[in-house]
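Consider the single chain below, provided in structure tokens and representing the form predicted on its own.
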């Protein structure tokens, strides 16, 4: 085990169990360390602080995954952490009605840089950096032992890998994975494209928001913007909406959304699928066109240097939606931009309301669900916020 010494004045975040250790916090880093090398951190008096893996000679030098001295890093090490993560989901979320969820949520499950999503009996996995990727063999073996999936498919094609100096990797890691996986979520059936879909295949993090939507939709007309494969649309029609329109720029996603409606035996006469740019579509709608509008766009802010630009984008689409909604209309507005705080997002919506000359009352505020636990000290891991509001 490689020992690295932390400057005494920089031990605070580590003692607080923040999972990132920056290179400037280390007294020295020996030459020749490769990404993924297990390390133990000690203070200048030699006292044990934490364990992790060496990540890079620049910026985040070490990512922490343990606080017990002497832990050996092997397949059993990963089994222990995966079992812990698996238990949380199985105890508090999984049921006969829901068989899919985020199984491993990176730093928040003490496996920094690793994302594992469970879709029924299959797993979709992402390695966000070379350090955690160096343990791929052990992690896949541990997942097979603990979860026993029929197949594991890698979707390490996220932008962050490039920032960490890693090339994109996709492909089958274990067993077999079909082109489409049938999942259950709160009693609804949905097709998920693990191999070619966005992210790991589906947006599991909106599960509780989709369920919350149902209390508002009975007899209403609903516009689902950035609809992807129609998760919100299925819940809206299933909840008794009179009309649901799904708008997305991906034809493949809309085709799958249409199939998801049929899969749940929902009325084809009450749903419509429109291939369009959401911004253009919203601009063409007249006031009162819809009773409820859902805005669940991709991250508008993917770089901390472009926050203002992204906030302008959020303001634009929300102002357009607020202009369309009638009195007592419902706006469901979400942001998955990690660089935008809930406070900033709420302020941006207040600016949109000012521009649209509407009064807005927040009815419900959502962040992450049970399968996205948040390490208390890791505020950088916050990314999702969703506001349900009534308009007058």
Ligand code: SAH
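Residue numbers count along the first chain shown, from 1. This one's a predicted model, so the numbers in the text were calculated from it and none came from an experiment.
Absent from the display: the form predicted in complex with S-adenosyl-L-homocysteine (SAH). The rest refers to it.
Taking 117, 154, 133, 296 one by one, only a single residue has any non-hydrogen atom within 4.5 Å of S-adenosyl-L-homocysteine (SAH) in the predicted complex, and it is 296. Checked against S-adenosyl-L-homocysteine (SAH) in the predicted complex, the candidates 94, 141, 276, 263 yield a single residue with a heavy atom inside 4.5 Å, and that residue is 276.
Contact check for residue 210: a heavy atom falls within 4.5 Å of S-adenosyl-L-homocysteine (SAH) in the predicted complex. Contact annotation: residue 198 falls within 4.5 Å of S-adenosyl-L-homocysteine (SAH) in the predicted complex, judged by heavy atom distances.
Heavy atoms of residue 228 reach within 4.5 Å of S-adenosyl-L-homocysteine (SAH) in the predicted complex, making it an interface residue. In the predicted complex, none of the heavy atoms of residue 109 sits within 4.5 Å of a heavy atom of S-adenosyl-L-homocysteine (SAH). Residue heavy atoms within 4.5 Å of S-adenosyl-L-homocysteine (SAH) in the predicted complex occur in exactly one stretch of 99 to 107, 242 to 250, 305 to 313, 72 to 80, and that stretch is 242 to 250. Site residues 203, 206 and 232 are all in contact with S-adenosyl-L-homocysteine (SAH) in the predicted complex, judged by any heavy atom within 4.5 Å.
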